[in-house]
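Next up: just one chain, as structure tokens, the form predicted alone.
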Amino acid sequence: MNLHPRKLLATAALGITAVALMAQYGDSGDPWWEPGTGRNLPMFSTFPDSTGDITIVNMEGPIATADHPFFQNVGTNYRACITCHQPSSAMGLSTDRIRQQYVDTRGKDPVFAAIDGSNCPSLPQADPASHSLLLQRGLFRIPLPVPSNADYKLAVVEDPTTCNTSTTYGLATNTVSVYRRPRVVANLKYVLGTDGAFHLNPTVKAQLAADGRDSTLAQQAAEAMHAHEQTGRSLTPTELQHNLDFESQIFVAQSADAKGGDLTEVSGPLGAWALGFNKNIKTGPNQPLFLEASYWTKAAHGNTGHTPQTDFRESVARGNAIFMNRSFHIRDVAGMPGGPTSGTCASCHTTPLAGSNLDHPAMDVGTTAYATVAEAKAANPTLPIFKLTWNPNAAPHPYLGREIYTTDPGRALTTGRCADTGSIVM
């Protein structure tokens, strides 16, 4: 692995804690994109991952990143958008890469900024334990106000992070700290269900944050740069437009699999090249969710016997058929219209090439809301647990009643409606 001189010096002086981290997590070898370096981003970039290769495609060709707001720090903590949306992590952020960066920089990289890269800014920032949710699970702290119109009362039941019980950062200041991963910044043509034309104020059907608090890509970008980069100012229309232009033309996909081989071959599934250049793929209702995988069945290769590649591809074809066609009973999903029903995986994951849901984006599928403290703690022992108690005149959660324990109230922190507790973007 090639390291920046600063990283080499940091590694040499790492000490016992970092050596222990290195022994535990190893050296991933992935490059890390530092803000402000002025590197060029090629039209095609390929990086290894745990199962093969991913490929990044820039539809508009190579990008000179000098003075580009996505790649330059415009705030006060030396971060840029690229800090949390690394090309080598598929324009997101992998825990392996985060842990390696902690080792390389002794925890000094801007990604570990106290404001949200630690469990709480009041914790000792030199201690790896203060960054445990980011290092172990890729979770950043998201501080949000309790809505003034909330039809529920919120209390902190348990808080391993200490932030929600803090007099400076916690509920005493009407702030709730939840912990979430950054989303991938790529393939937005499909994620948002638009025609790919991004402007400063297009209202999109998709929700751009887990709790649906942003209605436009511009709003999301401005909020992220203010909160996570601590810009301390409003971005100019030109800066925002540069970000939107970049985010609307970047595509990423798994391009090779160690068992399945080249995924971008002419007869293969849709890989990064096809994602980037196929402008004719339609989004919206009644469109195929993914490309048909029948070319990977036994019949497609003449029943010529088994190899690791053919076995893998047949497994993918079977999985695709199950996802699209295997029916089962769906119940107890708050936010899903119509109540209990029979359906397939594709009944909820309806957006072609994205797997999200543009018509009913936020649902409670039981990943954050529970009927008892014990259930919440057993599911997520490292996260805070909140108790939400409904006001007498509020409509209850349709399946969990009038008192809920949750590790993340989800959309209820946006709408103020207790019935939205636990509902998050699919």
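Keep in mind that what you see is a predicted model, and the values were worked out from it rather than measured. Heads up: residue numbers just count along the shown sequence, starting at 1.
Missing here is the form predicted together with heme C; even so, the following discussion is about that form.
> Which of these residues, Cys348, Val157, Ala321, Leu123, gets a heavy atom within 4.5 Å of heme C in the predicted complex?
Of the candidates Cys348, Val157, Ala321, Leu123, Cys348 is the one lying within 4.5 Å of heme C in the predicted complex.
> Which residue, Arg106, Arg99, Arg79, His131, is the contact with heme C in the predicted complex, using a 4.5 Å heavy atom cutoff?
Checking each option against heme C in the predicted complex, the one that comes within 4.5 Å is Arg79.
> Name the stretch: of 123-131, 168-176, 251-259, 339-347, exactly one has residues whose heavy atoms fall within 4.5 Å of heme C in the predicted complex.
Result of the contact check: 339-347.
> Is heme C in the predicted complex close enough to Gln220, His228 and Val333 that every residue in that trio has a heavy atom within 4.5 angstroms of it?
Every listed residue reaches heme C in the predicted complex, so yes.
> Within 4.5 Å, heavy atoms only: does Val365 come near heme C in the predicted complex?
Flag for Val365 set to yes.
> Could you tell me if Phe70 has a non-hydrogen atom within 4.5 Å of heme C in the predicted complex?
Phe70: contacts heme C in the predicted complex.
> Hey, in the predicted complex, is Lys189 touching heme C, heavy atoms inside 4.5 Å?
Contact with heme C, no.
> Taking heme C as it sits in the predicted complex, is Pro352 in contact with it (heavy atom to heavy atom, 4.5 Å or less)?
Pro352: no, not in contact with heme C in the predicted complex.
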